[in-house]
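Just one chain follows, in the form predicted on its own, and it is written as structure tokens.
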């Protein structure tokens, strides 16, 4: 006997209408595409950014498509300030009424490589992971309090899994910081831990790890070198992350938690 009559359709499974997504680092090169993807799928999006980027975050929010009764909002977040993290979740709930989806994609950067990074810089970079955890925990508590369900998507990186090629970054102003590798590896491991502890609370926790997706202003020399090491011989485009993000945010991934989806053009297939 067919189960078709009892199955949700693909359209229903990927539909985010009525959902609210809190997205951090909303003005980022890749993150603007994340925001658009969630909005295109029907969600209301709360664009979170550091105070200095709040005006730009308003521009991002205004640019997002509106599906049905969705509305888009802006709030402030500084991962380095625990009070800001609590205020961010509270403000998102106050404005939008709830949060169903959290995308932890923002972080404070450090560009010093292993030769020059100071202990203070390294430690501060890792503090981003503390911020990801605290915001995720606040999200989990919000879901429990309202007896709902939630999806947390933490943005990792292929560099949280593998090392980078030294020759690809040789003599290039933009380096591949060792503290960044440590941060992203920690986020991936921490996400798996949260996934198994919170699954009974109705909260799924997954990781989306982009491969090489350089912004337009990076060194063409570096892009050429990285492209030569990719099976696809090119860099990724921001929209190529949208499908994986909506999958993890929606009921299409209702039986997925603790997973790390790597979108890297085959980088780690070598």
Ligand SMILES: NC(=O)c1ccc[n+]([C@@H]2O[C@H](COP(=O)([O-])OP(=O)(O)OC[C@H]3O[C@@H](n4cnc5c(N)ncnc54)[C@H](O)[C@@H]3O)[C@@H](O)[C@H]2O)c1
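Positions refer to the first chain, counted from 1. None of the values given here were measured: they were computed from a predicted structure.
As for the form predicted together with this ligand, it is not shown, yet the points below apply to it.
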message = If contact means a heavy atom within 4.5 Å, which one of 114 to 122, 176 to 184, 139 to 147, 86 to 94 is the stretch that engages this ligand in the predicted complex?
response = 176 to 184
query = Hey, in the predicted complex, does residue 30 get a heavy atom within 4.5 angstroms of this ligand?
reply = yes
ask   = Quick one: is residue 243 in contact with this ligand in the predicted complex, heavy atoms, 4.5 Å cut-off?
value = no
message = Under a 4.5 Å heavy atom criterion, is residue 212 part of the interface with this ligand in the predicted complex?
response = yes
key: Proximity of residue 80 to this ligand in the predicted complex, heavy atoms at 4.5 Å   = yes
remark   = Interface check vs this ligand in the predicted complex: of 53, 39, 61, 203, the one with a heavy atom inside 4.5 Å is 53
